[in-house]
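Form predicted alone, single chain, as structure tokens, below.
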Amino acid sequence: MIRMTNVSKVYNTGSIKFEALREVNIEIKEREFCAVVGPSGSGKSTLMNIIGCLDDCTTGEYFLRGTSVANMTQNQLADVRNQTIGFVFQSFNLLPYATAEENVEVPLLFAGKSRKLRLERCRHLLERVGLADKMKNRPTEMSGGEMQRVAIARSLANDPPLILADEPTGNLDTRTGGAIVDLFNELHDEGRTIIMITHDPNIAAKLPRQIYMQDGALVDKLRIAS
């Protein structure tokens, strides 16, 4: 599914260069469920942005399903983000004045699906995440866990094979966060590849594979500062 070879990312901020990723080499197979773990500033989100085709690498190569991302046009990258990858964020990123149903509908609108198909798909997905009774509710009328379930339903709108989740439990209490992780496990059991960023080692330990990052590089284990 994913192969990175010597991937580095350097940000230029005036006269200062910041190396967010340093020669990352990684392979993630289809249907894997991985946790990307590391402290703040370790490069987790930069890695996720590159995997999600939201940013590009400075040096190195990134292949998604065998195709070099560097050779894709902007239209092809937009199609990848809409069709191949589903995104789930810590802050939910829901449209505040739209209903749960309307939020889930957004990727289907961009994909040009018919209204009938959009409504059927939204209802199915909201039922799938346990929100059949919240379809007409707006984010201000839902709990954090419910908003994250809407975000997960939205990420599944176009049935992508890859889900990227950036700290999906970060704004949730332990019990609600556990329920969200259980939902991701169900989606993995259905055959999806899932990559989850988390700062919580307890959550990471429950997932089949852990990828550790520190100071922009992959490491075998995290160094704990004394």
Partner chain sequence: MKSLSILWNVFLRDFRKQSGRMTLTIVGLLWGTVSIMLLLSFGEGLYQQMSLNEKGMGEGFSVIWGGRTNKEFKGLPRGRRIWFLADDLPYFSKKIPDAKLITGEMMRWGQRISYKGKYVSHMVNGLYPEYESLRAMYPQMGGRFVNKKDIELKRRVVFLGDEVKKELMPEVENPVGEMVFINSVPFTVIGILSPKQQMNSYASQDAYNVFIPLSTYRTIWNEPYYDNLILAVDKKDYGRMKEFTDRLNLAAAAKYKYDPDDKVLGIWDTIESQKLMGNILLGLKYFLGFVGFMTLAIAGVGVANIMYVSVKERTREIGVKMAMGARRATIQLQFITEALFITFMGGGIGIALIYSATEAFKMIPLDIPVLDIMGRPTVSLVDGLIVTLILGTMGVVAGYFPSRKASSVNPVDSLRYE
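Positions refer to the first chain, counted from 1. Quick caveat: nothing in here was measured; it's all calculated off a predicted structure.
The next section is about a form of this same protein that is not shown, the form predicted together with the partner chain.
Contact check for Met72: every heavy atom lies farther than 4.5 Å from the partner chain in the predicted bound form. Contact check for Val106: a non-hydrogen atom falls within 4.5 Å of the partner chain in the predicted bound form.
Mapping the unseen interface onto this chain, Asn49 counts among the residues with a heavy atom inside 4.5 Å of the partner chain in the predicted bound form. Taking non-hydrogen atoms only, Thr58 never approaches the partner chain to within 4.5 angstroms in the predicted bound form. Highlighted residues Leu54, Arg81 and Asn171: every one comes within 4.5 Å of the partner chain in the predicted bound form, counting any heavy atom.
Along 108 to 146, a non-hydrogen atom within 4.5 Å of the partner chain in the predicted bound form is carried by Leu109, Phe110, Ala111, Gly112, Arg118, Arg138, in order along the sequence.
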